[in-house]
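Read the single chain below, which is given as structure tokens and is the form predicted on its own.
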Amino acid sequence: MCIAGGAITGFSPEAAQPKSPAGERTPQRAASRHVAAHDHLYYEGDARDCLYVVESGWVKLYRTLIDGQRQIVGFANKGSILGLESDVEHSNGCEAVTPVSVRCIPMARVTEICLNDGKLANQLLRQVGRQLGAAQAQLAAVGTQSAEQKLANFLLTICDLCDDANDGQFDMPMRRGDMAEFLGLRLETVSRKMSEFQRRGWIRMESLYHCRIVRRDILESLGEGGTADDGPILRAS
């Protein structure tokens, strides 16, 4: 799935500070931005003048189709790099799902920063590879996985990326409509399958957005190609 997170750990604000003619860092901090939930970090077609390192929060990436509808193509959270998907202009729009903080790296300085910081350059390269692999996995899943398999993989991925995940418990950052749009399913299908997972005792929804994965082993088996009929129905405790 094209869900990115937790990749960039060594980036410091000083890394993106311009140097003076003497080769020293200027005292200004690298630019940071705070984006409120449901506001945009950038739109499709905006000039790609920065890369963004997500410091906190969740965003969704989307594209507008020929018929005017929007298609969510990915989610990203803390540690993700945004703005790698295009050249001159952003080919995706980026909307905050929750309040978001990002650190900006001017495109004009990316090469210099990478030359001076091999560790960061390596992490950027690994992030590109991860995002490419995730996009390819998502393409494969669209036509081959069932609704249950898509949802199982989605829940496991979000759980693993949530900083506050504890004993399989986490707050879903996105609405079910966003989940459905990303997974290529109807909203009714997502809601029905979530209810089925809960009825079977595989997950527990303690509120509309707070989820606990009770049987990770079953969801993993399902995500790897099993069927919902293969898993037992458990009593809710």
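Quick caveat: nothing in here was measured; it's all calculated off a predicted structure. All residue numbers refer to positions in the sequence shown, first residue = 1. C-alpha atoms forming the largest set that superposes within 1.5 Å between two forms make up the rigid core.
From this point on, the text means the form predicted in complex with the DNA, which you will not see here.
Engineer: Since exactly one of A147, A134, V110, V97 fits, which has a heavy atom within 4.5 Å of the DNA in the predicted complex?
Structural biologist: Exactly one residue meets the criterion: A147.
Engineer: Of the residues R200, R204, R176, R48, which one places a heavy atom within 4.5 Å of the DNA in the predicted complex?
Structural biologist: In short, R176.
Engineer: Hey, in the predicted complex, does L185 get a heavy atom within 4.5 angstroms of the DNA?
Structural biologist: Output for L185 is yes: heavy atoms within 4.5 Å of the DNA.
Engineer: For Y43, is any heavy atom within 4.5 Å of the DNA in the predicted complex, or not?
Structural biologist: No, no contact at 4.5 Å.
Engineer: Considering only heavy atoms, tell me if R33 and the DNA come within 4.5 Å of each other in the predicted complex.
Structural biologist: No - in the predicted complex, heavy atoms of R33 and the DNA never come within 4.5 Å of each other.
Engineer: With a 4.5 Å heavy atom cut-off, would you call L65 a contact of the DNA in the predicted complex?
Structural biologist: So L65 does not count as contacting the DNA.
Engineer: For 196-225: residues with a non-hydrogen atom within 4.5 angstroms of the DNA in the predicted complex?
Structural biologist: Residues within 4.5 Å: L208, Y209.
Engineer: Could you check whether the CA atom of Q69 moves 2 Å or more between the shown form and the other one, using the rigid core for the fit?
Structural biologist: After core superposition, the C-alpha of Q69 moves 2 Å or more between the shown form and the other one.
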